[in-house]
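Single chain ahead, by itself, as structure tokens, in the form predicted on its own.
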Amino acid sequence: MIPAKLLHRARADVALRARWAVLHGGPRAVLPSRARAGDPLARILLGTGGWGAQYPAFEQIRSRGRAITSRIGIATVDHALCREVLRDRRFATVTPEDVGIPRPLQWVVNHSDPSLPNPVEPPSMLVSEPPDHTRYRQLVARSFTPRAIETLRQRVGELSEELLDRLSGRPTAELISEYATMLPVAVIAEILDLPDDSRDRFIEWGGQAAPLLDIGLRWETFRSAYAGLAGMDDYLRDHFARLRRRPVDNHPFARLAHDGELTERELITNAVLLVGAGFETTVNLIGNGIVLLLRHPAQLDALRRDPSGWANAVEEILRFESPVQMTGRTVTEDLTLADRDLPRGAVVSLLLAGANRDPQVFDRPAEFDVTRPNARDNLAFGTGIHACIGAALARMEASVALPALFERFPDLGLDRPPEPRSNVTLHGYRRLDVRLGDPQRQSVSD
């Protein structure tokens, strides 16, 4: 007789494979042929060509009009159109039910839900609509008030210096794992009231789950992502139970755990979302910024001469190499968009990284310029009711972490070409090897 535990595990694996087959296996079978036929949206969704290949595809879409309809779907790189859709309540976030899955296959999706805290499925506020979205956001926003972020600024500065102290005196470093990752994961751990010894586990789990924002995942990647979700689910259930056993304090997430305004799944799912939004995105922002500034030394020198320009430099990094490349919206009623009649249920791909290079908005959009006067007009964090709740925090972290790094290591340089991540939606580097320069010229923290 097969042990009950093994039988349950086998059934769960079969259900998960069925879920993958519907949500990712189908697109994975279709997208390559569409990409080979020249469909720019298919090439973008697949990440064909590697780092930077999406930009010519964006321009191909732009050349065809404000919005295009391909065999894959509707897409736009038009800044004004992306902004309009993101702020129009007739467009809703995209869930598995919104992608035209036939009813029998939708039954498979509904009955294969492993009840894990998936940030791209409800009750994540990323893909929830009012009134649920309003309730989630109001409660979670307690951790992201201007006062809370300003309070964190000093802590971010301290963490940056601690991490840089560990690198001082060395000839080389790998800045993604040793700096760009460690800073935001420490910050999000403090926001979630997680113990210090949990950080490495959340780095691993977050990295496993990050590909879920993409389309057409390989089975092995999908299974690994759900393993990451399971790890976070188990840990956070125990974590919030511990918070409930201790006296209530002023920590926002400790209060959320105590007050019961969110169900257990709502609380954990939105905590997992914050791991992705508050950690994965900021890692890419910092890593992308390091590379861009090392490749544009004259602009880095200008920032050293006038540090007041760092806030605008962060905006230009967000615009030029957007950490989140795209998002999607579903039409909730028949309407017209850019002279195209869209039926209820149509899905529109908003290619934010393409909108951030719209020549109608940004002069010389393919050039990196930290003095660009309207850099903050970028859509890297979205807009409207679903604008990233942690945008101000990410901007603050980058505006502290980047100048601290370049001040400490004035001779910093690339040791070898940086290695891009394989993700499509989340855009950044997996590895960034640098030379730290002459130890005698490295500054010393106070």
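Throughout, we count residues from 1 along the sequence that is shown. It should be emphasised that the depicted structure is a prediction, and the values quoted were computed from it without experimental measurement.
What follows is about the form predicted in complex with protoporphyrin IX containing FE, which we do not show.
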Exercise. Verify the contact flag for residue 40: yes if a non-hydrogen atom of it lies within 4.5 Å of a non-hydrogen atom of protoporphyrin IX containing FE in the predicted bound form, no if not.
Key: no
Quiz item: Though only this chain appears here, would residue 406 touch protoporphyrin IX containing FE in the predicted bound form if you measure heavy atom gaps against 4.5 Å?
Solution: no
Practice problem: Using the partner position in the predicted bound form, report whether residue 30 sits within 4.5 Å of protoporphyrin IX containing FE, counting heavy atoms only. | Solution: no
Quiz item: Would residue 181 show up as a contact with protoporphyrin IX containing FE in the predicted bound form if we use heavy atoms at 4.5 Å?
Solution: no
Exercise. Taking 4.5 Å between heavy atoms as the contact cutoff, choose which of 176, 273, 346, 163 touches protoporphyrin IX containing FE in the predicted bound form.
Key: 273
Quiz item: Among 77, 209, 313, 285, which has at least one heavy atom within 4.5 Å of protoporphyrin IX containing FE in the predicted bound form?
Solution: 285
Practice problem: Among 242-250, 217-225, 120-128, 167-175, mark the stretch whose residues have heavy atoms within 4.5 Å of protoporphyrin IX containing FE in the predicted bound form. | Solution: 120-128
Practice problem: Taking only heavy atoms into account, state which residues of 316-337 are within 4.5 Å of protoporphyrin IX containing FE in the predicted bound form, ordered by sequence. | Solution: 318, 323, 324, 327, 329
